[in-house]
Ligand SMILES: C[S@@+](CC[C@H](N)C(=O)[O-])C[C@H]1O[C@@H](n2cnc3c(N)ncnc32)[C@H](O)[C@@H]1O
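What follows is one chain in structure tokens, specifically the form predicted alone.
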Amino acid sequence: MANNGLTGSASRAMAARVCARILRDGITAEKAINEIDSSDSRDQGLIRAFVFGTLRWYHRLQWQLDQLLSRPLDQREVELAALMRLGLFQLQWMRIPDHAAVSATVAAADLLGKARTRGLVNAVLRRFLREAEEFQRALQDSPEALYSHPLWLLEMVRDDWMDNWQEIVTANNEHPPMWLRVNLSRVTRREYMLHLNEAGISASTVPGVGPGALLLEAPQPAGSLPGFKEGLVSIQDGAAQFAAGFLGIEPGHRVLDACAAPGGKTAQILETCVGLGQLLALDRDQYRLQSLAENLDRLELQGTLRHADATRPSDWWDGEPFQRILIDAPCSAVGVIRRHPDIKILRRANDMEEIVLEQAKLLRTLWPLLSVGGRLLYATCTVLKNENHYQIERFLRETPDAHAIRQKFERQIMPGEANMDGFYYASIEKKH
């Protein structure tokens, strides 16, 4: 039977093009991969493994490439550099025989229109194989290569978490697990686990994580999950499932989800909060908001969705206060690097000041919309204190009618803790 999929060299050439586009155009890996014109799921899976692997280990791979080349590549040779990093990645992290990885990567140079570089690609990869032990020893001299993080980010994490910064960045380089959130308005967690067992999918509960949370033993395509299309379950990391509990929503409450897309927390609130008065979900990205709407349709849930900027209430607020406000704030996303390794490449140190200012603006702007006695939950998927603890500390200091709900009003979840992503929550109440 003919194989309509890509050949091994073609998959590598495609992966190199995707990585080059991410670096050159500054787009996310998900966006770049979704634009691939390939109908074969095997190709998609292999290309995805190549792309995410080379992004995850980019800083180490680039350091190795710099040592292996007698002179730097022309800056325009973005695809060639991506191909050689891909070759180095295969030799270290993929279960592909060395000779096959080298041969297919060299052949991919032809498909990139770079046949003249075949000898260079071959020489670089074979030299690495000869000197692999020396490269391993030399890693200790380069923290950026050793931990595969940009130096500015390593320094920020180390400054904030002096005692365990190495654990954080090590967790960032691990493959992420797959968590599910059972739609408790339709089925119990125990019942859904029985459905998984019948489908031959192993899952477990994790003490202390949400009432609908399940951790899969191995990731699965969404379409293979029992009842996924019918809305019985969603894919959502365990750390993100704390939001509804921390909000403490009661029947009749009017709730604002200020930065709602992609909508996991929006859906969880609607699933678990019986008798909810109204949920208004905002997002300034029309495309992401449409995805949120489609997800709510799949789950058979209803909320009020608005394409709007949360920092401009005059455009969307009707003047009626909210009893609960969720600010899932834009952030550096350092806590979810293991899911999105392109963050280490696309994010820049000089982005941080603007991010922190935007978070502060959201807090200041939305606080007046909260009713007296109401609760605001501030959440991020990062571990950097200037976006988390220090951000809330500043807000409490500058806002007389804001106070922590209890002594331990914060929760910082570290990447890898109970197999969860890195997340931060702070609950603030408006005084009488």
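Don't overthink the numbering: it's just position in the shown sequence, from 1. Since the model is a prediction, treat every value here as computed from it, not as a measurement.
Although it is not shown, the form predicted in complex with this ligand is what the next lines describe.
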With a 4.5 Å heavy atom cut-off, would you call A123 a contact of this ligand in the predicted bound form?
no
At 4.5 Å between heavy atoms, is D237 in contact with this ligand in the predicted bound form?
no
Whether R347 contacts this ligand in the predicted bound form should be assessed with a 4.5 Å heavy atom distance threshold; does it?
no
4.5 Å heavy atom contact, A310 to this ligand in the predicted bound form
yes
Since exactly one of E155, E358, E174, E131 fits, which has a heavy atom within 4.5 Å of this ligand in the predicted bound form?
E358
Of the residues L279, A260, I337, L247, which one places a heavy atom within 4.5 Å of this ligand in the predicted bound form?
A260
Within 4.5 Å of this ligand in the predicted bound form by heavy atoms, the stretch out of 89-97, 321-329, 164-172, 296-304 is 321-329
